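One chain is shown next in structure tokens, namely the form predicted alone.
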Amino acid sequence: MRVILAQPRGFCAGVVRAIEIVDRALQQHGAPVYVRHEIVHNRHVVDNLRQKGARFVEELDEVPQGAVAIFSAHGVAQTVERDAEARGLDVLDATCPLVTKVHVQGRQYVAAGRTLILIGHAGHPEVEGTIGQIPGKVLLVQSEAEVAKLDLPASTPLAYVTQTTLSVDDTRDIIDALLRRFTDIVGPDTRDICYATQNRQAAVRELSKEVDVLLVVGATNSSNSNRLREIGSESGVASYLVADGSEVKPEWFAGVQTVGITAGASAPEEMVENVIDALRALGPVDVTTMAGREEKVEFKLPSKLMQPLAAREV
């Protein structure tokens, strides 16, 4: 069996930063440190950090007063920030800088007097955090059909922002529907959607031209991983989302010669290797990596995590 790995795949800079924030907080403060929500949507990453001493909670009232609290990469509402301050928590914000960029854009549009539309999935932590960062009403739109149902005059001054992990194609279609319906609307180009989301989606489209089956390594609650699987299916390739090699089913590969593998932005490379090992259990495997974009993006850590460790390393 021939296996082709997508390039790029797996961890993005925002996920690397978030995980490193938890790791460094544990080194600096010792266990436990408290993380509100899963730091990223991947069980293996969360379990690894839990074993090191991170405790994951859903609400801040589960965090002892004065303890170290870390906000996940998805971002949080301003009410959560105020609650943390009132409880005297030592906060480290692991919100992805590209999510923070969406928060800033949204506030700027509202300050300019525009009604804000957020393109995203209801209930997703990033969407809830973004809505909670905007001082004013935010209209959530999930599809072109919901654009048609918006009860607003065509001349309403509007602006839109997007969840960073959506399908670029789906987002573009919704934006086009907004532009057709409303006469005074502004917002970022689809190119402003997270670079990692775009790169991984583009890679899957290319990979799907060469394979019989596509495996996407990622969690079921990972938005960007689900989009990758959907893109493979839309390309006419049998596509499956798996957390690791234990979820690989032999019947998927009957008569299959070429398998493509990619990974969502929160899936570690060791899980990709785990999936390859599961394929090797079925027979000989030849692994190659497709040509693709090399990502060199890095995001800075919070300054208060840098100095003590730097001094210790000296």
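These figures come from a predicted structure and were not determined experimentally. Throughout, we count residues from 1 along the sequence that is shown.
The same protein also exists as the form predicted in complex with 4-oxopentyl trihydrogen diphosphate; that form is not shown, yet it is the one meant from here on.
Looking at S223, S239, T162, Q133, which has any heavy atom no more than 4.5 Å from 4-oxopentyl trihydrogen diphosphate in the model of the complex? Exactly one residue meets the criterion: S223.
Using a 4.5 Å cut on heavy atoms, which of L118, V99, A243, L158 is close to 4-oxopentyl trihydrogen diphosphate in the model of the complex? None of the other options qualify; the answer is V99.
Counting only heavy atoms and a 4.5 Å cutoff, which of 22-30, 253-261, 278-286, 39-47 contacts 4-oxopentyl trihydrogen diphosphate in the model of the complex? That would be 39-47.
4.5 Å heavy atom contact, V216 to 4-oxopentyl trihydrogen diphosphate in the model of the complex: Taking the distances in the model of the complex, the answer for V216 is no, it never comes within 4.5 Å of 4-oxopentyl trihydrogen diphosphate.
R205 versus 4-oxopentyl trihydrogen diphosphate, in the model of the complex: is there a non-hydrogen atom within 4.5 Å? Residue-level check for R205: no, no contact with 4-oxopentyl trihydrogen diphosphate.
Please run the contact check for A73 against 4-oxopentyl trihydrogen diphosphate in the model of the complex: heavy atoms, 4.5 angstroms, yes or no? Contact with 4-oxopentyl trihydrogen diphosphate, yes.
Spell out, yes or no, whether the shortest heavy atom distance between H124 and 4-oxopentyl trihydrogen diphosphate in the model of the complex is within 4.5 Å. Yes.
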